[in-house]
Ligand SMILES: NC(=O)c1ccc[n+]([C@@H]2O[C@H](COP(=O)([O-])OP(=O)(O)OC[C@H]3O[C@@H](n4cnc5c(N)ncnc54)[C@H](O)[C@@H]3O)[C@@H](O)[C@H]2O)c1
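Let's start with one chain on its own, the form predicted on its own, as structure tokens.
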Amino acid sequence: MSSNSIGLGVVGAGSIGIRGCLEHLCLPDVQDKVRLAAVCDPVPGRAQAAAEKYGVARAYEGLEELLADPNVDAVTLGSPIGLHYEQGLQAIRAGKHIHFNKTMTTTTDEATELIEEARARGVKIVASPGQMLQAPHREIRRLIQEGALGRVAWAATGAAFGSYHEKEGVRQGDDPLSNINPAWYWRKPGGGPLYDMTVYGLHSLTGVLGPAKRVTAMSGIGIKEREYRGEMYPSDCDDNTLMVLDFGDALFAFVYGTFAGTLTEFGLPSYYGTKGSIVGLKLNGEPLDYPGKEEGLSHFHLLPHVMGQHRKMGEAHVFEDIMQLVDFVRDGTPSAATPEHARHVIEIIEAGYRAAETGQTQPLTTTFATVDGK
């Protein structure tokens, strides 16, 4: 094991902590860069079960214990979104570098505080989802910048909840690692399809077109109760939101986060201009060519660290984002998955809800550096 291998603390041994982190980082090919130093989870027995199964050095029920572990250099937050701000602030003040699973926070002010606190303390942050690490989005940005679509008129992206979380395999068993309750996805703060799913398309859309300037929206709750394994759970977060973004110069985008129905491919916005369109991974109806493209391999798996066995595993893009932090800490290599980009997407969501509540279009004030600096 390399002397500068990063000791990672996994906060939350739930669905994403298992599939996006533990299953990937227990493999031999990454041990020279990162080791599983600790895992914590408040559910009795879950952290210990995860440590035994995935070879994690220490198991804790509390975050404070994990942050006090001197072998933990960095953490990945796989906890419910509504906890990310408080837990992130604790980690920063403990001097731990952080990977935030989406989304980093639920409000712009919280995100700004984390960014400023981390900068003051020399703590590095990588924030999922790192959509602009994927070659297709970089190629789409290049094509649009060079005029392949002519004058771009509008774009669209979004996602639907459906019953995805209720049916995940890690939620159907009886042991601590396979009976993970998804009820937090349906509650405030942090629940709902915008924070959980539409966030992917928003990172892609803004990564390609740049920061948005204004947002207006309509939003509400369509399904007020959800069933999981025979029990009913309240759903008090908006699950049916339609937004329009203004990017300036009469370029608009339709963005949705709903409980049912999709118009676009997941995480892949559609773009329409005077010379044609990019829909999913097709340019004017023909397959899009992009660097590193491999037949039969998803773009979610065409990422710098996703090689070998990792290409056959789920949530490989989460593993990639974690490895972006590992490289950032080890050798100072910055990532395109920046907290500033994450903050801008958070502002869009937060301002979208505010626009729906007030009936007034909301200005957006945050910005971020795009992958090409333009």
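All of these numbers come straight from a predicted model, not from anything done at the bench. Start at 1 and count along the sequence shown; that's the residue number.
This next part talks about the form predicted in complex with the ligand, which is not shown.
- Of the residues Arg226, Lys124, Arg141, Lys102, just one reaches the ligand in the predicted complex with a heavy atom at 4.5 Å or closer; this is Lys102.
- Residue Gly78 is the only one of Gly88, Gly158, Gly78, Gly207 with a heavy atom lying within 4.5 Å of the ligand in the predicted complex.
- At a distance of at most 4.5 angstroms from the ligand in the predicted complex, all three residues Ser15, Leu83 and Val318 contribute at least one non-hydrogen atom.
- Using a 4.5 angstroms threshold between heavy atoms, Val43 counts as touching the ligand in the predicted complex.
- In the predicted complex, Arg119 stays away from the ligand, with no heavy atom inside 4.5 Å.
- In the predicted complex, Asp196 approaches the ligand with a heavy atom inside 4.5 Å.
- Contact annotation: His137 falls outside 4.5 Å of the ligand in the predicted complex, judged by heavy atom distances.
- Figure note: of the listed segments 108-116, 150-158, 210-218, 164-172, the one touching the ligand in the predicted complex, with heavy atoms no more than 4.5 Å away, is 164-172.
- For the partner-free chain shown, Arg171, Ile180, Asn181, Trp184, Tyr185, Asp196, Tyr200 of 171-205 come within 4.5 angstroms of the ligand in the predicted complex, judged by any non-hydrogen atom.
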